[in-house]
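One chain comes next, on its own, written as structure tokens: the form predicted on its own.
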Amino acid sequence: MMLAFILLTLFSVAILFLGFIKQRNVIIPISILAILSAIISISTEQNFWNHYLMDMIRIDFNSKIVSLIILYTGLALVPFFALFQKRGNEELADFMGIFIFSIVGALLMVGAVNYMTLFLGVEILSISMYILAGADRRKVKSNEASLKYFIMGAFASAFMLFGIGLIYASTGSLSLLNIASQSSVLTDFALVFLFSSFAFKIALVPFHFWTPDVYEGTPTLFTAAMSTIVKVAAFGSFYNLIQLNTPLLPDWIQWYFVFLILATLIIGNLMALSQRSVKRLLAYSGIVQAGFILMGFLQLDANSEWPIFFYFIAYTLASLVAFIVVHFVEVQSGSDDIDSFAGLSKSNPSLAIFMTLALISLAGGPLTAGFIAKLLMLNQAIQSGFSALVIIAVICTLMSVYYYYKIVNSMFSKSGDSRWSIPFIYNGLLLIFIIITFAAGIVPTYFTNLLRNF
């Protein structure tokens, strides 16, 4: 894993230098090469220089799977970042270099077994995202998004540091590896602060207020990275923290999670119903999806993690497609309002179809990865004895169909502008994401076995 950190860091510095010497044409290929090299390094478990940080980082089944999901998501996004080459003086090298740095932070988070490493990863990822949120510096909303994200992120970091301080005061260690066998009042408080800081990053209610404004103001392709890489890294790290500290967890922790899940599902759905901006709607949709993922945390038995990883894959694929389609519509119309999608089925039928299928997966429609993912989470909740929670979750899922349908209805309405197209390669990539989404929904056993036996 150490080799992946070294490669990504060296490549990101090289990319920044390429921008300085105006070699923009090679930035995207080198970015792809950087992520591919990290994927090979982690997949083949290269141990180059691992001994320097292995007391603070661990590569196991969980961290390996989540790291690969993050890297493949980054790889899927890089070709779309080539669109920034058309933005005049905007520096593609700056964006790509910072984006690769953000992946380093995400990998540090999911592999951390020491609180200082965890905090370092959180800060590298967060600071990179604060900058990318304000990448569209000529727009007030982008600057506002960056500032809001920074202020709320600073609060989350303060919560995390306070929790880490309490953990150190009560145990005398910064290791996540079963540092104590019994819980105490001090560790209970520490866990509340740590969990709250993760709830900020994941955007669980009531720690979600920053999400719609930041998603709306951030350039849409970076919003796609924010809604997938940041969320998967935060959830992966959160799961790692809980699993390694199971003996420390107080009895009330499941009820704390149930409270967060209920608040997230109900308030997230209610707020999404009234949205006109598709980016804000997808922000609330992401909040609701986070509530579903948290259901997987109610059960921490052996082999209980693969349903969560399946949900990561399903959610990431659908979110990528949805945000990328929003980006293209926004470029054409200058707005992400639902009315801007009117007639998309006529002006660009392929994008309308991709968006519809992605929304069906986010809503948990049959034959999609989203359906299987939600089914697995509901099953986890039932096995943990929370049947009432499952009933409320199903009702919330039915509610979500309404606001997803509003977008679909707009796309297939009769009105529409003249036809326009996007490059063939982008259509091809979106088609691949959709094919995987449906393959995981039609033959889920193949994918679940793949995750179990990875």
Partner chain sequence: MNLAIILILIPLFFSAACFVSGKKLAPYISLLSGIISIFYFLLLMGSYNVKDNYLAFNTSILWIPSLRAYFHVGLDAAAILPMLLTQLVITLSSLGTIVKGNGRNASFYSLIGLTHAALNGFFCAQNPITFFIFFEAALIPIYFLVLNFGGANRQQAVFKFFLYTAFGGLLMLAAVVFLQVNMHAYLHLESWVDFYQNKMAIKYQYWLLAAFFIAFAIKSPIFPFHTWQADLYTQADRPTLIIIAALMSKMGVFGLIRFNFLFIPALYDWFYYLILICLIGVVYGALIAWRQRDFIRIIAYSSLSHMGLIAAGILTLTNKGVQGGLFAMIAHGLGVAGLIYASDVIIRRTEESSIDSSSGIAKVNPRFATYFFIILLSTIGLPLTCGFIGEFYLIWSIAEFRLPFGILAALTLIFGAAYMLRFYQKTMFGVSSNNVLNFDKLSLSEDYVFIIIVVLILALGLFPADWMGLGQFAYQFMNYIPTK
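Positions refer to the first chain, counted from 1. None of the values given here were measured: they were computed from a predicted structure.
Missing here is the form predicted together with its partner chain; even so, the following discussion is about that form.
Participant: Consider the chain as shown here, without its partner, and state which of A76, A135, L376, M160 has a heavy atom within 4.5 Å of its partner chain in the predicted bound form.
Facilitator: Answer to the contact question: L376.
Participant: In the predicted bound form, which of the listed residues (I39, I30, L429, V390) lies with a heavy atom within 4.5 Å of its partner chain?
Facilitator: Filtering the options by heavy-atom distance leaves V390.
Participant: Within 4.5 Å of its partner chain in the predicted bound form, counting heavy atoms only, one of 101-109, 329-337, 363-371, 226-234 shows up; tell me which.
Facilitator: Selected range: 363-371.
Participant: Mind checking whether each of V401, Y405 and P444 has a heavy atom within 4.5 Å of its partner chain in the predicted bound form?
Facilitator: Every listed residue reaches its partner chain in the predicted bound form, so yes.
Participant: Taking 4.5 angstroms as the cut-off for heavy atoms, does V394 touch its partner chain in the predicted bound form?
Facilitator: Judged by the heavy-atom cut-off of 4.5 Å, V394 is in contact with its partner chain in the predicted bound form.
Participant: Using 4.5 Å between non-hydrogen atoms, is N240 touching its partner chain in the predicted bound form?
Facilitator: Answer no; every heavy atom of N240 is more than 4.5 Å from its partner chain in the predicted bound form.
Participant: Does any heavy atom of S413 come within 4.5 Å of a heavy atom of its partner chain in the predicted bound form?
Facilitator: Result yes; S413 sits at the interface with its partner chain in the predicted bound form.
Participant: According to a 4.5 angstroms non-hydrogen atom cut-off, is S184 in contact with its partner chain in the predicted bound form?
Facilitator: Heavy-atom contact with its partner chain at 4.5 Å: absent for S184.
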